[in-house]
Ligand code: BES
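Have a look below at one chain only, the form predicted on its own, in structure tokens format.
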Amino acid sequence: MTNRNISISRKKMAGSEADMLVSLPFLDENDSMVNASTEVDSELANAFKLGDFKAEKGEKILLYPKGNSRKKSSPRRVLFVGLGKVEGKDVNELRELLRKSGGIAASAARKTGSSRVALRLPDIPGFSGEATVESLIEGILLGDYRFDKYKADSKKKKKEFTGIKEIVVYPSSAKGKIQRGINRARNAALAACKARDMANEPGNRWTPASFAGYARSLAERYKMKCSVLGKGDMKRLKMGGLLGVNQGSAEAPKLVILEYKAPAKKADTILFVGKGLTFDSGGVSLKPAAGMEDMKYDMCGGAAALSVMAVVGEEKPEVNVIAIIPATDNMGGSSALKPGDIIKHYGGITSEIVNTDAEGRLILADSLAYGIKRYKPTCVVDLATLTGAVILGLGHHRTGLLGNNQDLIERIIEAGDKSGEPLWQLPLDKEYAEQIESDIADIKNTGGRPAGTITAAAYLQKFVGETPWAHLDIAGTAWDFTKKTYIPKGPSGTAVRTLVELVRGWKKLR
């Protein structure tokens, strides 16, 4: 993973050579301001007294120290970001508040060209220094994201701000494992940013072969096992879903498998399956032209699954983790799958194709069935930009969540709340499965408009058997996610940090 220079300093902040020092004052129960000591305390106090800065949540003010000729160094700017009243707040609410504050700091750094940032940790009552620094650094790194590799003009501008290069953390009296918090934040945030990078790549640059190449690079770096199944393997295994979706494409499909083995011999195994649809035209059931350029994002599930593996490689958890990414595009070439066609999935289930734009469930079905049979996981979690219906139901604010094991579902919800990536559980009763019954095959690939997100999950459920399983429909949150200071326009990298939290806190299912 890309490294960032993040260090801890026990020296006085007055000697910092940072381009910008970030301090986070908050209000106590008497509405008095509590803040870390800086060179511009008196100026801040005056602003507070005049009512120009109230230290309320999200409020910011940028001040400039006068400096001292005897001092060789001092921060050039001091940014104060208010936290408001923090006492009595829920832990996850505090985490999100600090993440957003980090995003505000990243935005200010970009505006002022501050590549060297000093961070003064607030000492929040009842909240550890580890959790404080983890949330703040996550927000800064996620908020500092940019994707400009295809902008030739930007490369010619030598003075253009290219991002934060250095962060120095001043712990103050904050207690806890500060370095551990930094490491956790860096690993998760940079993984989410890598998922954003993959999604931002155009369909002619990020192909199924690109997924395979990145997985191989992770395997080499972290001593994991990587397997890549090609079209010949899929024919031998009779993966009719993957092969069917790929029929109209000039790009060969790949089934990418990356395996991490924990040190313990009897460790549980978590299987992640991420949809890697590198471009979705809808096939013969062609999508409308307006907005079709966003269909390069239809691989965000696969990007998230692989990015989680980068964190797994860094942190080496006590649980086996496997990621499977079925990768192809969905095009309308002369050999393309047609409405009315019948395919046979891995394992023998036949499916009537009603709509070729309901393709994600076809490639996930083969992957789920194959992964469960081969690896016999303790549980499986799939994630996909699967249905537009989830946006109608939940907007761009929550990921849809369905599954067959309530313990697993509740753990994912808890991990999402901790990560600022909220989910909402939808029902999956047997009545919904009746909507995908076919007159001429075992099932059909769409149950119509009613409950579209649920019937898509019901399709996948046919391939998981009794294995504990959860399905994340990230179509509404993978891009155009709820506006936040640390979420950029475009792909959000959603689900990466949620699944990282699931792995970090893993314990045997009930």
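Because the structure is predicted, anything quoted here is derived from the model rather than measured. So that there is no doubt, residue numbering starts at 1 and follows the sequence shown.
Beyond what is shown, the protein has a form predicted in complex with this ligand; the following relates to that form.
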Report the residue, out of Ala389, Val319, Cys379, Met331, that has at least one non-hydrogen atom within 4.5 angstroms of this ligand in the predicted complex. Ala389
In the predicted complex, the residue from Asp417, Glu352, Glu201, Asp357 with a non-hydrogen atom within 4.5 Å of this ligand is Asp357
This ligand in the predicted complex: within 4.5 Å of a heavy atom of each of Glu130, Arg186 and Tyr486? no
Ala475: touches this ligand in the predicted complex, heavy atom cutoff 4.5 angstroms: yes
With heavy atoms only and a cut-off of 4.5 Å, decide whether Lys275 touches this ligand in the predicted complex. yes
State yes or no: in the predicted complex, is some non-hydrogen atom of Glu421 no more than 4.5 angstroms from a non-hydrogen atom of this ligand? no
Within 4.5 Å, heavy atoms only: does Phe26 come near this ligand in the predicted complex? no
Per contact check vs this ligand in the predicted complex (non-hydrogen atom within 4.5 angstroms), the hit among 263-271, 103-111, 336-344, 357-365 is 357-365
Residues in 274-291 close to this ligand in the predicted complex, defined by a heavy atom within 4.5 Å, in order: Lys275, Asp280, Lys287
